[in-house]
Ligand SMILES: C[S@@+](CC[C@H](N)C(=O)[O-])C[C@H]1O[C@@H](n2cnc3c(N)ncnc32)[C@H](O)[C@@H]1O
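First, one chain by itself in structure tokens, the form predicted alone.
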């Protein structure tokens, strides 16, 4: 069967967010498949390893190559973002079956919420969180839109946006039916990371026509910009919910 093929959650690209387990496993792998930019940020951890870009291969070619390498040594993939959401690596995990080992990491949403210092699902503020991408909603009269997903009380996390910002904001404004906070988390975990915070009414002006989603560039790869929307981004909470939990959930029943 050969050596393991590891799929290591590398999050937004900051090597300091790599878990201890992932770091330990990565050190044992002489061959590592690395997405663009991660070869730069992970350069120190990739010294003296054979590195390849997984996107340079067709699927069948990649499977054959990895299978041959794994007969000799452990092989690792640095998985950008989060394998749990919108990851193209799932077919590889399925292909290698029991030989595949998935190592969780700090996902892009976790990194973005940490930079914002905000919990995205708050009692009394947000009653649900939705992760979506316009690229995967489909087309045609029955396909949902971002307007359909946006609503009061929803924290909306948008991956791989391929809509102009003004068009996206228009749909969100119609869905939320009010002016709510929005944040563009651009290239988080990379040296030039940026968080642009605003509201649906002013974010377009704040962006100054900057192409955060690489819609005008020659490449078709999704831009590394995560969009977060909803009331929870600006909510300031007191300790009432903490005290409720203290009395009704956390408190040890001395009588029973």
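Numbering follows the first chain given and starts at 1. Not measured: the values here are computed from a predicted model.
Heads up, the form predicted in complex with this ligand isn't pictured, but that's what we're talking about next.
Only one of 31, 223, 204, 34 gets a heavy atom within 4.5 Å of this ligand in the model of the complex. Which one? Checked against the cut-off, the match is 223.
Only one of 22-30, 59-67, 42-50, 185-193 gets a heavy atom within 4.5 Å of this ligand in the model of the complex; which is it? It is 185-193 that comes within 4.5 Å of the partner.
4.5 angstroms heavy atom contact with this ligand in the model of the complex for residue 175: Close contact is absent here: in the model of the complex, residue 175 is far from this ligand, nothing within 4.5 Å, heavy atoms only.
4.5 angstroms heavy atom contact with this ligand in the model of the complex for residue 74: Contact check for residue 74: no, nothing within 4.5 Å of this ligand in the model of the complex.
According to a 4.5 angstroms non-hydrogen atom cut-off, is residue 181 in contact with this ligand in the model of the complex? The answer is no: residue 181 has no heavy atom within 4.5 Å of this ligand.
Would residue 169 count as a contact of this ligand in the model of the complex, using a 4.5 angstroms cut-off between non-hydrogen atoms? Outside the cut-off, so no.
Residue by residue through 12-41, which ones have a non-hydrogen atom no more than 4.5 angstroms from this ligand in the model of the complex? Only 12 sits within 4.5 Å of the partner.
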